[in-house]
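First comes one chain, alone, set out as structure tokens in the form predicted alone.
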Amino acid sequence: MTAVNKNSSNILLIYTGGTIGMLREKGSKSLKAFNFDQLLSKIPELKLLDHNIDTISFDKPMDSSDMGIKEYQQLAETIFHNYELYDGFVVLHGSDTMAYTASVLSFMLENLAKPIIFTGSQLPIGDLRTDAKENLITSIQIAGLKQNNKSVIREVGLYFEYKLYRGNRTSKINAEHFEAFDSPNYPPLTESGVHLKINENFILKIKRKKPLILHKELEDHLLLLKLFPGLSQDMFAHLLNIKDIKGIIIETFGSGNYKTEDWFINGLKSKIENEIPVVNITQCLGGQVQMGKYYNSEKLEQIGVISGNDITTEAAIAKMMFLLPKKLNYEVFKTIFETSIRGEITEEI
């Protein structure tokens, strides 16, 4: 762990919505988004940072529960079109689906060589005990970090409560605590204490700079199925036969196990034979799928189910949304999904 000195950077702050950008109106319990052009007046501490900060806001800031493909595209395009003008980007976002958006952006922006730091808060920025100021100030500081005139962080990150995680490794784990996020299968990239420390060994390595590529097309006709012991044959068949499903993600037990009954195996096999990708991820917060380790996952491996390894649910959805429009055949899709392309899975696990 080594400390890194800061240099002056140009930072674009993008407000999509969420608790962090709201103020409590006098005499009312309701929250209202404030004008981000007035950001410096609300957070005078930002003037102490040696960075130039510009702000931009969605026309209609939204609850993160309303985020979808249209908003992912808007956010990715905003960064893409401003990419050469800024050294780093900070995205203010509601915490509920922040891990999903961070994961999607990591796939949409290929050859990223600058930081995109997602952050938010559990309390509004005007509350006495708010976590918003620290999260925002440190996120901007991290986004502006340079060594030898190059950005230190060159990937999509998520900063919350003194830790920066790789965005596509995170999940929201708590709705009340300030430590709202965790990255169970990958260590933090930075830790904020008396000094801001960078875990250099775990930052995504960029071999050589290439032009940024925007992958705008996404597919949302997906089925995420959390398996449970009492799932009936009829309900399973009904879910698999939903019209226009393009891809299926199953959350299995432990290291990738579920029923060995014919109706379950044959149902998935029929989808695979029709070139519909089926991905197996674990319901456990930590650990990974290892199909074939136990008898109850051996048949899944035999019929061609794709291993999600230690990918999060959020990143699995994002990666499938990104890959499906590429119109890949099943084997190519399987190979790419089981390969880390944005640091989303641990290689050689």
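Residue indices: 1-based, along the sequence shown. Source: prediction; values computed, not measured.
Keep in mind that the form predicted together with a small molecule is not shown, yet the notes after this line are about it.
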Checked Thr138, Thr190, Ser95, Thr252 for heavy atoms within 4.5 Å of the small molecule in the model of the complex; positive is Ser95
Contact with the small molecule in the model of the complex, heavy atom within 4.5 Å, among Ser183, Asn257, Gln122, Thr101 goes to Gln122
Counting only non-hydrogen atoms, the one stretch of 45 to 53, 309 to 317, 62 to 70, 295 to 303 within 4.5 angstroms of the small molecule in the model of the complex is 62 to 70
**Message:** Just checking whether Met22 would be counted as a contact of the small molecule in the model of the complex - the rule being heavy atoms within 4.5 angstroms.
**Reply:** yes
